[in-house]
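A lone chain, given as structure tokens: the form predicted on its own.
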């Protein structure tokens, strides 16, 4: 019977998160993109951080006062993955086939999506922001359950690496929800459509694959490393976080007010009279230094587990490398088509694509 509920757990959690999203207080904020057929900015209802806090509190309450064990999601992780897999497929079918084709290739339409922006219940739910919120909350619940399994298995001899990696992932999820408004200005929101890549990715890949550093190590004992070892992964992680968050925040403030400083950085830009590009600070070091930050964060989490010699956790940063390097190529083509000579001028000023002085 537990296996049956394991299959249903992702769907139940998704429904619960959605109910919390609808019931809890939220902020209505303007985004970066315009409403379809209008010059007015799209408006979003955001309360991701509150939903995350309530979801975790409810989970712990069910474990404390109900019949669930703290490691229940870990024990039924394969059933949960299978349930999420099919839920993601159903979601993809619903958000793709109800809209008109935008490409000649059906598979491309399914994978990349047809609708650019989907809003439900008079705008109370935006599909893209809802997907990211659901994926983040499910990821955090999985991470907490995986860490609980390690502690329940090894007790006082539990690994400091599992605790460190858990805290880093929790920071990653929590600060993402804290800065939820900033992501209204990111590539995903204004450039991607809602299809398999985004829908299945957030409902399945995000909450399960991102756990792979813990998934592949929580059953292992403490590797016996010195406490000083864990300083390096934390430094690598927060260096990456500083690059990624700093770059995103600088661009966020620039798009809202081109004259406003971010930290100590006075914005400098280039323009053709129609379009303007930020060209200093984080964005003067490389064209996508935030991508380097994401890769460093993932690497820090892997190293924090204390098992750098196991190959499976490294699939996490490898995924980021494959995703972000190919995204950078796509973004370069898109920007060249959109900005023309202005983009060429920017590339002369900022020579490196992702890694300063290297690439």
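All values derive from a computational prediction rather than experimental measurement. Residue numbers count along the first chain shown, from 1.
Just so it is clear, the following notes concern the form predicted in complex with a small molecule, a form of the same protein that is not shown.
Taking non-hydrogen atoms only, residue 329 never approaches the small molecule to within 4.5 angstroms in the model of the complex.
Within this chain, residue 190 lines the site of the small molecule in the model of the complex, having a heavy atom no more than 4.5 Å away. Heavy atoms of residue 248 reach within 4.5 Å of the small molecule in the model of the complex, making it an interface residue. By the criterion of a heavy atom within 4.5 Å, residue 334 is counted among the residues contacting the small molecule in the model of the complex. With respect to the small molecule in the model of the complex, the three residues 172, 255 and 323 uniformly fall within 4.5 angstroms at the level of their nearest heavy atom. Only one segment in the set 83 to 91, 119 to 127, 276 to 284, 141 to 149 has residues whose heavy atoms sit within 4.5 Å of the small molecule in the model of the complex; it is 276 to 284. Though the small molecule is absent from this view, in the model of the complex it lies within 4.5 Å of a heavy atom of just one residue from 177, 110, 244, 115, which is 244.
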